[in-house]
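Just one chain is shown here, as C-alpha cells, and it is the form predicted alone.
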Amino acid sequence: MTEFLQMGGYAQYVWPCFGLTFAVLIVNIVTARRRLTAQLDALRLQQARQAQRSAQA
C-alpha cells in the first residue's frame, strides 16, 4: 500500500494534481447548482409577475 501511495517517487506531483482536480470539480458543481437555483428563482418571479398582470387585466 505504501508503494502505491508513493507512486514510484512521483507522489509529490501526482497527489496534488488529484487534489486540485477534485477541488475544481467540486467548485464546478457548486457553481452550477447556484446558477441553476438563481435562474429558477428568476423564472418563478417572472411567472408570478406575469400571473399578477394577467389577473389585473
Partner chain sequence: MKLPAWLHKFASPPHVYGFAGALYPWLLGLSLVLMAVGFYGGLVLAPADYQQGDGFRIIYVHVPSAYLSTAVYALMATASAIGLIWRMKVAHAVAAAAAPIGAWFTLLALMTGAIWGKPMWGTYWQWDPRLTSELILLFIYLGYISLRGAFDELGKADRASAWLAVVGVVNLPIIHYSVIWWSSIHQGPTIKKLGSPSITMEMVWPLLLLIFAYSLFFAAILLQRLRAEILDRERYSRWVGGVVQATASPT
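Please read all numbers here as calculations on a predicted model, not as lab measurements. Numbering follows the first chain given and starts at 1.
The same protein has a further form, the form predicted together with its partner chain, not shown here; the description that follows concerns it.
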In the model of the complex, is there a heavy atom of its partner chain that lies within 4.5 Å of any heavy atom of residue 49, even though the partner is absent here? no
Does any residue in 1 to 28 get within 4.5 Å of its partner chain in the model of the complex, counting heavy atoms only, and if so which ones? 4, 7, 8, 10, 13, 14, 15, 16, 17, 18, 20, 21, 22, 24, 25, 27, 28
